[in-house]
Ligand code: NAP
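Form predicted on its own, single chain, as structure tokens, below.
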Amino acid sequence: MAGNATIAAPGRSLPVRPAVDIVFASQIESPESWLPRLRDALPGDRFHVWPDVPDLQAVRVALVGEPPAGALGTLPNLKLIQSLWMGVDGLLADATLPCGVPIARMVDAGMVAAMAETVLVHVLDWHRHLYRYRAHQSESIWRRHRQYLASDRTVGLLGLGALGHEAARRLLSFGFKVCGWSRRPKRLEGIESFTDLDEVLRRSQVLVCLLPLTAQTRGVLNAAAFAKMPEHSCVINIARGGHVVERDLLGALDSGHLAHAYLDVFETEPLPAAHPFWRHPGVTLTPHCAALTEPRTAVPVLVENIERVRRGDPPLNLVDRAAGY
């Protein structure tokens, strides 16, 4: 982008911030939820909503949440593709995605908090047998189950990035033991951290998947993994549906080896009405709502990265295309 111009003022010259053309391109997120806040924060910039873009060559930043296929490839002068979501596997699957343009994923405090809350509520639901008591209620059964201390339970986290770290912090505050798996060694206070997945599987009475979906993590929750977990444990998947081999999960639930599964994401979304997960007594499912991007906390992240583009600085939370996240 061009360098800053100046305007005359008594005794000094003030830099003029060059305006940035920004396009909002999403088939899921509503521009009405985002643009008023963005325009308030960046009154000198020009915002467009795809496909109403008067000059494709002028656009420097694209704000995206499942953009129309091929849309980004029509913007020849992009400096940043900013995802409104944390996961970028769908975005990277677009073969027309322009090469060489930095991609940033969304990491904001609201989303991180919401994911940690979802982890905590599912762990507590399993730990306090509430899923069993709901089933008993539907059959008018009065039966108590053995009570455990939180310190009797070990929660395994697959993924120890921002989401895993915050989930671990909250679980530790409730007294649970926490271990975690990550691709690279990490040292986090109170957490047993491993790069050997089998170590985490063997210890985890609750296994929480927070991983990005890549070629290496697709199908990571499979029959072999479930068999390594303790009997009557549970699985929580709030990452991507592709992490779970669905037939293997159903088999582990039907055999009784797994007590329950909490699923928020699926290979096919919306989940087809005929899918066995809907009616399986061992499954609690939600419609991909574990953590929705919250504009109130996400807009400052967008503003910071747009300002970085304006200054010519590297954006925050850059995606490694080779790694897939």
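Quick caveat, the model's predicted, so the values are computed rather than measured. Residues carry their position along the shown sequence, with the first being 1.
What follows is about the form predicted in complex with the ligand, which we do not show.
Participant: Under a 4.5 Å heavy atom criterion, is R240 part of the interface with the ligand in the predicted complex?
Facilitator: R240 belongs to the contact set for the ligand.
Participant: Tell me, yes or no, whether E29 is in contact with the ligand in the predicted complex, where a contact means a heavy atom of each within 4.5 Å.
Facilitator: Flag for E29 set to no.
Participant: Is the gap between H145 and the ligand in the predicted complex 4.5 Å or less for some heavy atom pair?
Facilitator: H145: no contact with the ligand in the predicted complex.
Participant: My question is simply whether A162 lines the interface with the ligand in the predicted complex - judged by any non-hydrogen atom within 4.5 Å.
Facilitator: Looking in the predicted complex, residue contacts with the ligand include A162, since a heavy atom lies within 4.5 Å.
Participant: Using heavy atoms only and a 4.5 Å cut-off, decide whether all three of W126, D198 and D248 touch the ligand in the predicted complex.
Facilitator: The answer is no; none of W126, D198 and D248 reaches the ligand.
Participant: Of K186, H136, K228, H232, which residue is found within 4.5 angstroms of the ligand in the predicted complex when only non-hydrogen atoms are counted?
Facilitator: Looking at the other structure, the residue within range turns out to be K186.
Participant: Tell me, out of R39, H288, H275, H257, which residue has a non-hydrogen atom within 4.5 angstroms of the ligand in the predicted complex.
Facilitator: Partner contact (heavy atom, 4.5 Å) among the options: H288.
Participant: Counting only non-hydrogen atoms, which stretch in 65 to 73, 31 to 39, 51 to 59, 259 to 267 is within 4.5 Å of the ligand in the predicted complex?
Facilitator: Of the options given, it is 259 to 267.
Participant: Can you tell me which bits of 175 to 212 touch the ligand in the predicted complex, meaning any heavy atom within 4.5 Å?
Facilitator: Heavy-atom contacts within 4.5 Å come from W181, S182, R183, R184, K186, L210, L211, P212.
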